[in-house]
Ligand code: MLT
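Take a look at this one chain, the form predicted alone, written out in structure tokens.
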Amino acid sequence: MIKISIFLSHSLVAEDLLLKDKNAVVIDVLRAGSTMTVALSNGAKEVIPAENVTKAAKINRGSSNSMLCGERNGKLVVGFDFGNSPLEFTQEKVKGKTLIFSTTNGTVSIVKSRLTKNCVIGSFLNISKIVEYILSVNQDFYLLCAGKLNNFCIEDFVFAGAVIKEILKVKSDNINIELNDPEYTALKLAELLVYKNDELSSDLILDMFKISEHGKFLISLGFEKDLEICSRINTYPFLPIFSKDIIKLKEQIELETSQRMGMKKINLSGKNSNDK
């Protein structure tokens, strides 16, 4: 039995210990989660989330080859290299870079998840990877919606519902899913707003973004194109994992582990040959 639980906002995580040794998906589809996924997919070395601007600047002073990224109230922070638009994080700009991120809602949610056993970053851009991961872990999961300024927001809640919907569609017969009222409501709202013929629709996701409070706010700031990018389904099929205060792609972690193991074998082989 897998129990899926939704936090409607990071403000409901009163202290980090609430998520200690738990499994979590952090959700901020407009825009931090989507933007980080794009940046890492385009070759950024890693993302370091910071709960506030001061902390981000402090981390940056101790880092090399790093860039400050993020926003406050949707706008670029003065002195930062990038804001929070996925359009900014092209391969030419971010490949090999450490990105130190601080956003109004998303990075606060991520930092609150620092004591989890497993934590991944979800968006419509990688929803199938999120579902695949939840099923592979086969344990209870929390879906942590970043929300907007400590309150509920429809886009994160609908994404949580879509994750539940996709789990129910692909789960094997030996996995049972337990849903309580908030999770059932999210599922039904997602089915109503972003599904057509039982399939996720990017067009409907975009329509939902445009009627959302935060979507309207981003449009007013000139970021309408961001809504379109964030509405695309599985266009960046990678899995950002938050572990030891750093976010990296699961695929990158596996590659680095393989390379370290290869180097270890070479070193051991060399040592053995010298002993003969």
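This is a predicted model, so every value here is computed, not measured. The numbering used is simple: start at 1 and walk along the sequence shown.
Keep in mind that the form predicted in complex with the ligand is missing from the display, and what follows is about it.
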Completion exercise
Testing 210-218, 242-250, 59-67, 45-53 against the ligand in the predicted bound form with a 4.5 Å heavy atom criterion leaves exactly one stretch, namely 210-218
Completion exercise
Answer key: of 118, 104, 202, 138, within 4.5 Å of the ligand in the predicted bound form (heavy atoms) is 104
Problem - Residue contact check: residue 126 to the ligand in the predicted bound form, 4.5 Å heavy atom - result: no
Problem - 4.5 Å heavy atom contact, residue 113 to the ligand in the predicted bound form - result: no
Handout entry: Non-hydrogen atom contact residue 71 with the ligand in the predicted bound form at 4.5 angstroms
Key = yes
Practice task
Decide whether residue 40 counts as a contact residue for the ligand in the predicted bound form under a heavy atom distance cut-off of 4.5 Å.
Solution key: no
Handout entry: Residues in 16-43 with any heavy atom within 4.5 Å of the ligand in the predicted bound form
Key = 28, 30, 31, 32
